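Shown below, as structure tokens, is a lone chain in the form predicted alone; questions about how it binds or moves come after it.
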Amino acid sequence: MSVPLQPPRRLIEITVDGDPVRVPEGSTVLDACSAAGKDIPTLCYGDTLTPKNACRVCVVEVEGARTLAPACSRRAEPGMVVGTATERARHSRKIVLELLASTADLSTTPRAAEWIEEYGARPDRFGEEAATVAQPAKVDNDLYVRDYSKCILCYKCVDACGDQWQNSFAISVAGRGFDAMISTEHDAPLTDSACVYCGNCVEVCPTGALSFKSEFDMRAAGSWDESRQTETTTICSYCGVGCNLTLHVQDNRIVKVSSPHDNPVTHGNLCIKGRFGFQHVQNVASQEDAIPVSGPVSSSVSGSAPGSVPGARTAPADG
């Protein structure tokens, strides 16, 4: 598949923490900060989604602006002067982290503990009586789990399920204020909703509120260990589209599947077969039942060589 080339964009120059930075016109302040090597925390930002400005943890100070600006959505302008580590910006991030960590479980949010320590946030200062979104995880299917005690209402799953990617509209925001939550229509089980199990909501969830059932079970058993996992990118074999799959493997078993966000075909999105159709690869028990290791070829695998996988391609015979 050919990838259309984008027209060249002129460069503009802004100042980030006193240093000049040149970025293509149309870039965000976050792009400029990344180009300058600044580490700005983000949660609701998604590189494949339109910014929602929901979490406000990426705010920076722009000279001349009355309020702090979310770096993920604010466009860089020529001559703009940005401060990423001013007292005002750091204090705002600290408050945001305290509010989020005091109400939601951020234990599976990548880098959350690091940011809480870096900004000196104290989520426990609100006391044990502080309201939280704690609730039992929703386990109503064999593919993925919804644990809304970890949800920070970033809206990324809603956008991925809705008009930005999948157009299924299976989930939305229900309720108001502190009672607002992500839900299916009438809070029905996922199996009774419009969900097509593409898992694109799981792909963009920043906190682990949505996770593979395999990951959820392994975390509960204490066996989930990302430091022991390897990633291998391959091409999905279910159809001819050519979607890239990244297989996450631990202890010689595929534990989940993602897709590269910079892939021009998928942009990180997959269908149910690409996302969850990996179980057959490691269904050892059923394979052993179906494949005779020695002895005569059974009727169930007639035409296959002993010890081969039914349906697998074999080299043509010579002559």
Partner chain sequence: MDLRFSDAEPSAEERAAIDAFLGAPTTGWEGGIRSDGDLRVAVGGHEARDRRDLLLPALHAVNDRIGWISEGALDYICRRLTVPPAEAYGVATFYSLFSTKPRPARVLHVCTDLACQARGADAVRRSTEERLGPPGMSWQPSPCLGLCERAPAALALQAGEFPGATVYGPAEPAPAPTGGANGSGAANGSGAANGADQAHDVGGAAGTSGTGTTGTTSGAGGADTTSGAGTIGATSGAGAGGAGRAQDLSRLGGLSGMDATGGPALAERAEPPAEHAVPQAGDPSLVLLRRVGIVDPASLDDYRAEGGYAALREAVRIGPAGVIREVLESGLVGRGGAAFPTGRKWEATARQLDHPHYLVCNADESEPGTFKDRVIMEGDPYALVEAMTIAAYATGCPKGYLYIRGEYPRAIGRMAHAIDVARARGLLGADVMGQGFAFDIEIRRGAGAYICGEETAIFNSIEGFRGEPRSKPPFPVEKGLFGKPTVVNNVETLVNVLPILAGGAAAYAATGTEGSTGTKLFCVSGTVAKPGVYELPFGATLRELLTLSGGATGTLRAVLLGGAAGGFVRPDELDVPLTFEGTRAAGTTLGSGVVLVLDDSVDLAHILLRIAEFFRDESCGQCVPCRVGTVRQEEALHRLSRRPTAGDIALLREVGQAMRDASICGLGQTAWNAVESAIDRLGVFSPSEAS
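Residue numbers count along the first chain shown, from 1. Please read all numbers here as calculations on a predicted model, not as lab measurements.
One more form of this protein exists, namely the form predicted in complex with the partner chain; it is left out here, but the text below deals with it.
- This chain appears without its partner; in the predicted complex, the one residue of Ser183, Gln164, Thr84, Thr109 with a heavy atom within 4.5 Å of the partner chain is Ser183.
- Think of it this way: in the predicted complex, the partner chain has a heavy atom of just one of Ala137, Ala134, Ala194, Val241 within 4.5 Å, and the residue is Ala194.
- Contact check for Asp187: a non-hydrogen atom falls within 4.5 Å of the partner chain in the predicted complex.
- Using a 4.5 angstroms limit between non-hydrogen atoms, Gly177 touches the partner chain in the predicted complex.
- In the predicted complex, no heavy atom of Thr232 sits within 4.5 Å of the partner chain.
- At a distance threshold of 4.5 angstroms between non-hydrogen atoms, Ser172 is in contact with the partner chain in the predicted complex.
- Per the 4.5 Å heavy atom criterion, the partner chain in the predicted complex is contacted by stretch 96 to 104, the sole one of 244 to 252, 224 to 232, 96 to 104, 137 to 145.
- When contacts are defined as a non-hydrogen atom within 4.5 Å, none of Glu114, Ser211 and Lys256 contacts the partner chain in the predicted complex.
- Contact annotation for 31 to 69: residues with any non-hydrogen atom within 4.5 angstroms of the partner chain in the predicted complex are Lys52, Asn53, Ala54, Cys55, Arg56, Val59, Arg66, Thr67, Leu68, listed in sequence order.
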